[in-house]
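The chain below stands alone, shown as structure tokens; this is the form predicted on its own.
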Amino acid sequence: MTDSAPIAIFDSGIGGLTVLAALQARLPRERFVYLGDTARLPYGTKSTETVTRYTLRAAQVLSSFAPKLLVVACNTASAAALPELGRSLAVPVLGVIEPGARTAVRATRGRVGVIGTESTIASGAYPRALRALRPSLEILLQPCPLFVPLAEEGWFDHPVTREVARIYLEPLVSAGIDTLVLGCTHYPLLATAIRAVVGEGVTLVDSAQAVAEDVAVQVRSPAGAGGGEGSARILVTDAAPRFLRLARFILGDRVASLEAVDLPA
């Protein structure tokens, strides 16, 4: 790893910018390059094979920047493609599932709810990660396929979003969960609507902070002392104006533009 090499981040859309924001706060002098596959989202309704293929193509694009490591800021891609990425790339690859599981285990009194895309929930990745840390946990799972399009639409606390959240989450609340893992990096954008349903007594787990700490350890930068002034390039496969609005909402007005790229065939 060289200090001047960037940290690469991949997500199926703009949700992973929540991870980028946490990384920038933790490592303010690092350089970042982010790729959101906004033309092909959502990933959560696609097959494991398709998600893996798209993720490997995205990694190929990001590899052209000679990054020091890759953060897969997408739970669906982490569940489907992390082993293949680890075999294919010469740099460390970090996902978001294990950091989220560690945070949940520290927070819970024993009953954890996990929400995610259909693919993430079907993969069983979170129950495996959680039970590896605490086998006695009671784990309740709920796919929330409409949350990603609602987040990408910018309907973070819209009445429709609150109603969808109620339908998805009331069974988990009725079951008595004390901790809820937001098993998709888009979901923290909907935290207000989610909180309105689950109440203040349920801890919401967003893996972004834990991921940022893991990255700091990997790049040996405990004080955020990267190789110069920090920066971020944001690449998307569809640069629709709404994506720029959402990027500015998450990262602030310092986002001047989005760079349009495509994944290789």
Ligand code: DGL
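Just count from 1 along the sequence shown to find any residue number. Since we're looking at a predicted model, the values are computed, not measured.
The protein also exists as the form predicted together with the ligand; that form is not presented, and the subsequent description refers to it.
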**The unique member of Leu189, Ala81, Cys184, Ala101 whose heavy atoms fall within 4.5 Å of the ligand in the predicted complex** = Cys184
**Fill in**
For the ligand in the predicted complex, the stretch among 43-51, 197-205, 58-66, 229-237 with residues bearing a heavy atom within 4.5 Å is 43-51
**Asked** Does at least one non-hydrogen atom of Val114 fall within 4.5 angstroms of the ligand in the predicted complex?
**Response** no
**Prompt:** Is Val148 one of the residues lying within 4.5 Å of the ligand in the predicted complex, judged by heavy atom distances?
**Reply:** yes
